[in-house]
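Single chain ahead, written as structure tokens, the form predicted on its own.
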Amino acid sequence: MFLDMLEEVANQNNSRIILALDDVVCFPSDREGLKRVREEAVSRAFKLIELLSDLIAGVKINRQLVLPLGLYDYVFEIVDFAHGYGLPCIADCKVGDVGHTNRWIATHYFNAGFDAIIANPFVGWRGGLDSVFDEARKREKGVILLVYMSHAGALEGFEKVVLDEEGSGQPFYLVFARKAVEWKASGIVVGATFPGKIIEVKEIVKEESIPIFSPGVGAQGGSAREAVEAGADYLIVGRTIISSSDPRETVKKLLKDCSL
């Protein structure tokens, strides 16, 4: 259901851009100041969604908003607002704990209206992410697996070599891509800053038509065109759009740059 919803909006708006509402506002510690800044952050989110609703395919929200705004205080209102424009919402919490905790986390994000959740495959399936996939499937929601992040230090973890029972080695990110196929994930995350990794991973997931979501365009140095040419299906873009003096023109330029 999540992928159907996402694909429908993407085709309708002729866009493969996911707006990341990664607000970098510093929230004050005093309660009066906090209330004011929280309301301003929500208002800014509403304005961005409304302004870009016909140019994007969905919305991603991470802990930069969830923690200060509260999942059931303001965030679910932002999700509802996005849904009002037909836009699916992804919870970027990179869930990766033990099973019963993972289910609890997924349950709350889904209760708040999110259509999909990003999870860290490092914790494994049994007693790890099995509960997340189970909860998602019961609710017809999506689970997107983290395969290769967009920051420079990603190679320190995702490129570590894993040995199988026969002693053959392969890096974690290729193991994770194969897990996405095995577990029937709704998508995978591979940073736009590493187009070569996108190419490698695409070979693994393309037969199952598992979409690749690529963050890191612009602010982190990733190229929209290079990511799409490498095989990215959706671009997750936050600060480049949010900090722009003209978000609509910025999104239009991104769409033109990658010929989406």
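Numbers follow the displayed sequence, beginning with 1. Computed from a prediction, not measured in an experiment: that's the story for all the values here.
One more form of this protein exists, namely the form predicted in complex with another copy of the chain; it is left out here, but the text below deals with it.
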Check all three, G96, S150 and W183, heavy atom within 4.5 Å of another copy of the chain in the predicted complex: yes
Scan A112, L174, L145, I78 and let me know which has any heavy atom within 4.5 Å of another copy of the chain in the predicted complex. A112
Assert contact residue (another copy of the chain, in the predicted complex, non-hydrogen atom within 4.5 Å, options P195, P68, G218, P211) equals P68
Classify R178 as contacting or not contacting another copy of the chain in the predicted complex by the rule of any non-hydrogen atom within 4.5 angstroms, answering yes or no. no
In the predicted complex, is there a heavy atom of another copy of the chain that lies within 4.5 Å of any heavy atom of K35, even though the partner is absent here? no
Check whether G84 has any heavy atom within 4.5 Å of a heavy atom of another copy of the chain in the predicted complex, and answer yes or no. no
Q64: heavy atom within 4.5 Å of another copy of the chain in the predicted complex? yes
Partner contacts for 144-181, taking another copy of the chain in the predicted complex and a 4.5 Å heavy atom cut-off: M149, S150, H151, A152, G153, A154, E156, G157, F158, K160, V161, V162, L163, E165, F172, F176, K179
